[in-house]
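Each of two forms of one protein chain follows alone as structure tokens, named structure 1 and structure 2.
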Structure 1
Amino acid sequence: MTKYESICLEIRKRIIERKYPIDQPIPDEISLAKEFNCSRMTMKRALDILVSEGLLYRKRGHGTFIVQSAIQNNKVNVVTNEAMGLTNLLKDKNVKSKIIKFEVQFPSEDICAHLAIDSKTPVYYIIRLRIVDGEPYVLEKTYMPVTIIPGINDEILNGSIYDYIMNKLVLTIAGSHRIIRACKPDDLDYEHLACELNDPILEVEHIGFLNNGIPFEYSFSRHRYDKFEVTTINMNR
């Protein structure tokens, strides 16, 4: 393991264990480099990894901060830097979208906490059924701040939101935090996923981050158990 990787592991551990105050910047690169007896470049490389993971974000002129929603209730279960979107992930298949609900609303306290916004920041509330090769695949419930992802409309929702973000808004999607749980189906699942009464639903709670560490998406993807599998990447190096 390299020096910057071992430093990254230790700082990630401190963040998750809340050794640093979440409402203040963490120590600056120079101070951390002295503590860990390394060069500033090595320290920057270690912190760059944590920024790409969505645990930290840099605010020009103010320092490096912890992304509060990333450690909300200690729910750092699955981390991935492969945030592609379903359309890009299944390029070899026919992916279509059915818009069930699309509106702008003011967020609840819980949504504010996960998106690191205040209650006066409007968000899109989107429910989409994604259909793959003619079969219902996943039911997505998504919240996105209008101020960060402007201009979403029906045309974009019928295609790929991630393509719009990356190619039209020219924003870089850096990574995400995901929590996977088993649930009982609800009325929307019965209606749109063609599941049976006792079929389990696998739900993925997802927070997506831009490369500046700002969360741009809070969503719940609900999958039929027979249409879902998980592949994870060990980020502990």
Structure 2
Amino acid sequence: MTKYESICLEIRKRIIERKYPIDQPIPDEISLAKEFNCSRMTMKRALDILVSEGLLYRKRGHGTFIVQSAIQNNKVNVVTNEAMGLTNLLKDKNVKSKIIKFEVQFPSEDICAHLAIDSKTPVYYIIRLRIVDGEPYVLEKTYMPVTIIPGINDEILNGSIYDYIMNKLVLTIAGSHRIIRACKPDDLDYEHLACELNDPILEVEHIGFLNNGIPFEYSFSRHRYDKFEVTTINMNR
């Protein structure tokens, strides 16, 4: 935990707990730096993070202000790190996995293109049903190159693939690309997600990248329409 991270945590806490008047600027950078016993640069870096999360905004010559709408709808935790996997995102819930399919195959042309590999690089083909508090939640179809993410087994699939990648393989997940769409359910959805005939499905197509820019995962997550929504924040530079 770096100094700027812990300062950032504390300031975020204060804002959420209304320790600072919502219609006033928060204390200036120099005062805060003194209070936290750090340099102004470090203070600025901590505040930069909160600005990038949409919690604060600055006015040169005026001060730093709270974005009121950000804390009025309990939407504060929207800015979670997305690269965590379901097991970590819902860690206060009981998340289980049912392995529907777990195979190795040569990838199709489409898979090759998305994973930036050739057709002779084997990939895992995994279908998992994720169950949250006993209810079917999402059906995940995942392709991962065996060369990049080796050693997948049933035990890992029953827990968190992301934990395995980050902690056992010690790889860094740098980012992701998502395409979100609505579609009609197919037979697999009916079978595992307990859909009614006309329930829509929220499908998230996902490409995950490591910090060397190499894609390691191409997946389709099919969600029950009444159990999931995607939240995004876009701030211009």
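Throughout, rigid core stands for the largest set of C-alpha atoms superposing within 1.5 Å between the two forms. All residue numbers here follow the sequence of structure 1, with the first residue given the number 1. The model shown is predicted, which means the values in this text are computed figures rather than measured ones.
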Shown alone, the chain in the form predicted in complex with the DNA appears as structure 2
Worksheet item: Cα of R12 displaced 2 Å or more between the two structures, core superposed?
Response: yes
Any chance the CA of I30 moves 2 angstroms or more between the two structures, core superposed? yes
Does C195 shift between the two structures by 2 angstroms or more at the C-alpha, the core having been superposed?
no
Cα of L47, core superposed, displaced between the two structures by (Å) 22.1
